[in-house]
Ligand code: GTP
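First comes one chain, alone, set out as structure tokens in the form predicted alone.
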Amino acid sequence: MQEAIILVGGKGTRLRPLTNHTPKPLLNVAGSSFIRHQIAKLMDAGVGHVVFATSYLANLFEEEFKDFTQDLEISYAVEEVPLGTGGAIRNAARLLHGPQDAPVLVLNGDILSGLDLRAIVRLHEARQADVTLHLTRVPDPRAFGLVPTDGADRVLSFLEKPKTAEEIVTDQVNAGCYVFRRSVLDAIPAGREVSVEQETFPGLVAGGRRVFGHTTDDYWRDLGTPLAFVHGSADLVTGRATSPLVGSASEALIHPTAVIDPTARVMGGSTIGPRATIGPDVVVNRSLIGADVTVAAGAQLHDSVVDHDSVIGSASLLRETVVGCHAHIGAENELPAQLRLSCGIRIPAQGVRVSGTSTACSAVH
């Protein structure tokens, strides 16, 4: 039986306030929690047992899957103290069932990828590898650690983020999916913080172990920032990225209980959640609208996320904005790009504008 570990213990601080009450992998992406998209892909690849390596709000993962009835065993390894990526993998590995030479898939819980999981496992076994890493090429490697390989795809080293042009020796970076030989997992030190990129992988390479890279040009996106999160969801809806949980490509994914005015335009891969109300002449472009959200007449939302039970007032403009749950944005607000609004916040009509307004001043002078 093929087994897998998904690393889902992070706090998702770059996605706050959305992650203040929900772990990042449980956020809604293209109509389902992101973790369910990953589970569906793993099941398509023949995985029969998944271990969640959890920490932050760990109980919510069990709540998410308490009624899961498909033919998949799910286990939960809770991280009581910070263990790093390597320590979290080691903590989860104790719940695996397979023999010492069995291949184990390990996935980061915030990566949307088009990688063929069956193919990387087959390649791992054919090479008799100890570890196989999925590598992807990026146009600007300066934000990533680099993973150079030789002509036979054997990993040569793990390099820190380059500071100069001369240090950019490859455009290959770690894509957050690995296949481990089970015995390699069990050899990671238990009970302490361990980094796979700074300790485990370099140690294996230095020791002459068989560590290979599998470099592909498949779709790949880290969903760790609000804009990447929105774009990843839109890519699933429009078909640029794929998931077994998303049907044919479309301009929008609208829940059957949502109410959309005929004059509204919902496009760009937007998702509209349950019981949301989208008013007349509204534009929702490449955005995520949560459950029970109301968007009033003439509002425009571009590349934005509005969490559940919030209200966007008429003629307001949001661009690259994150709105927390239970928020109320009054009419005719014009919010600056990359703004994040806390859960429960209330902004009065015309309270925030990038451009001016001709409305008369109500203050006594």
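The first residue of the shown sequence is 1; numbering continues from there. Because the structure is predicted, anything quoted here is derived from the model rather than measured.
Heads up, the form predicted in complex with the named molecule isn't pictured, but that's what we're talking about next.
Asker: Heavy atom to heavy atom, is Pro17 within 4.5 Å of the named molecule in the predicted bound form?
Answerer: No, Pro17 stays farther than 4.5 Å from the named molecule in the predicted bound form.
Asker: Quick check on Ser75: any heavy atom within 4.5 Å of the named molecule in the predicted bound form?
Answerer: Ser75: no contact with the named molecule in the predicted bound form.
Asker: Is Thr54 one of the residues lying within 4.5 Å of the named molecule in the predicted bound form, judged by heavy atom distances?
Answerer: Within the cut-off, so yes.
Asker: Within a 4.5 Å heavy atom cut-off, is Thr13 in contact with the named molecule in the predicted bound form?
Answerer: Within the cut-off, so yes.
Asker: Going by heavy atoms within 4.5 Å, which of 289-297, 95-103, 179-187, 82-90 lines up against the named molecule in the predicted bound form?
Answerer: The contacting stretch is 82-90.
Asker: Can you pick the one in Asn285, Gln172, Thr216, Asn108 that has a heavy atom within 4.5 Å of the named molecule in the predicted bound form?
Answerer: Looking at Asn285, Gln172, Thr216, Asn108 one by one, just Asn108 meets the 4.5 Å heavy-atom criterion.
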